[in-house]
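Only one chain is given next, in structure tokens, and it is the form predicted on its own.
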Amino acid sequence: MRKEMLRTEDVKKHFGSVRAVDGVSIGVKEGEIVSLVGPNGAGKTTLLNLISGLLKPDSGRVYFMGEDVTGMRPSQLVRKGMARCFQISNVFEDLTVLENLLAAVHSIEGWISPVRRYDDDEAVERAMAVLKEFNLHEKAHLTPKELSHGDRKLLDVAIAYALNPKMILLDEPTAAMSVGEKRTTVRVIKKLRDQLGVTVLLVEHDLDVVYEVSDRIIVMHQGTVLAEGRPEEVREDPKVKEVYLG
């Protein structure tokens, strides 16, 4: 039986009278792809922010690899094996694709600034190997602003993978993508699990993508978990149909 990698227990986060996350308990097992879905304002991204340390919960606990990590900073969680990709691409615009990867590789080694250390052969080799995994190695000399939207998002995932994660959190990985770019991203999400051994928790609005990649789906509504199960179970759940179709 696969061990549990992530667990939240009765996590709450309120902003004034808004109950953004209101007592959410979820679990993600090692080797799973789990999708968080729900209407706008359901609390999905807030939950990711609580899990990844960008926000501290008002109450409740977050456990990662069996350890209570509630309230830990994102940098601490990265070192424990949790990486995060954001809805808006989060890269160094004035560095090349390779230099962005080198910054990630060096950060694991304790460097805290986006340095260009081409003299570090081992780091360059590691960075280029990661870029090859995501088919970006031939664009290593370009800057992010020279990439297509889809490749920018792939660069985000590559940077997260360069941090040696056990788990990656993805927020809207296919937002504003073309059909072809979405197909590429679906392959990348599956590759993270199947070939690279990374557990994935993602927030996604495109239900076709969700149904294709997910082992399990968690549906949120008004800050709470409305439904949870395998894709075929969630697809037929009358509560889910009501939320999405009115």
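As the structure is a prediction and not an experimental result, all values here were calculated from the model. Note that residue numbering follows the sequence shown and begins at 1.
Quick note: we don't show the form predicted in complex with a small molecule, though the next part is all about it.
- Across the proposed site, M177, D208 and P231 without exception lack any heavy atom within 4.5 Å of the small molecule in the predicted complex.
- Shown alone here, T184 lies farther than 4.5 Å from the small molecule in the predicted complex, counting heavy atoms only.
- Using a 4.5 angstroms threshold between heavy atoms, S52 stays clear of the small molecule in the predicted complex.
- Though the partner is left out of this view, A20 does reach within 4.5 Å of the small molecule in the predicted complex, counting heavy atoms only.
- Looking at T70, you'd find every heavy atom of it more than 4.5 angstroms from the small molecule in the predicted complex.
- For the options E172, E133, E99, D151, the residue carrying a heavy atom within 4.5 angstroms of the small molecule in the predicted complex is E172.
- Screening 44-52, 191-199, 211-219, 26-34 for residues having heavy atoms within 4.5 Å of the small molecule in the predicted complex returns a single hit, 44-52.
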